[in-house]
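Heads up, the chain below is alone and in the form predicted on its own; it's given as structure tokens.
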């Protein structure tokens, strides 16, 4: 069982991570590099002359971009390991895991890891005002944990008590609220921040759907090989 989980996670995470990394390099990295021009003061979008929205942010950097691909593949391998461990647990309870319903598992992963915390603590470009990083990390982990438990209760709960508890768990972190900065003072245009958040969510959704799809596929394939 352990070998099957690890093998499936390695293949699924590496494949999904590679695709996610390539999408990030094309769609997200230029936005980040553009925002860094404002963060460092190379560009100023208020109080001076108008600044073009189209900037040369450089081309491919083999070392930087190669490391980005490597780390993204490692991150999604970790996600796949958690996802497939949950699949294995569910399968022991009678749930059948396939590539097709793996997509639903992937959507659940996106909701837990990206959408639930991002609903209140939105993805941030460099240079924006933000609260203390440790406080944000604590809130982020707590929100992911409660969202994971809530999604599990929604999927496998068998009565209204479980589903009601899930709703409370989903809402609680947002009712309490995420750590916020004392004042807004970021130098980055809001247009860049909005574009970054939209693309981060979009690529996160695609990456998680692929992670679920690949996880279900490799999990099923390893089972067939052992049979």
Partner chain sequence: MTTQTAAFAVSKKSVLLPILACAVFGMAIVFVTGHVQADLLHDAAHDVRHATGFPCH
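Numbering follows the first chain given and starts at 1. As the structure is a prediction and not an experimental result, all values here were calculated from the model.
A second form of this protein, the form predicted together with its partner chain, is not displayed here; the remarks below concern that form.
Contact here is defined as any heavy atom lying within 4.5 Å of its partner chain in the predicted complex, and by that definition not a single one of 151, 174 and 211 is a contact residue. With a 4.5 Å cutoff on heavy atoms, residue 157 does not count as touching its partner chain in the predicted complex; it lies far away. Residue contact check for residue 146: none of its heavy atoms lie within 4.5 Å of its partner chain in the predicted complex. Although the partner is absent here, residue 43 is not a contact residue: none of its heavy atoms lies within 4.5 angstroms of its partner chain in the predicted complex. Looking at residue 178, you'd find every heavy atom of it more than 4.5 angstroms from its partner chain in the predicted complex. For the candidate set 194, 167, 60, 67, a heavy atom within 4.5 Å of its partner chain in the predicted complex is found for exactly one residue, namely 67. For the stretch 80-98, the set of residues having any non-hydrogen atom within 4.5 angstroms of its partner chain in the predicted complex comprises 81, 82, 85, 88, 89, 92, in sequence order.
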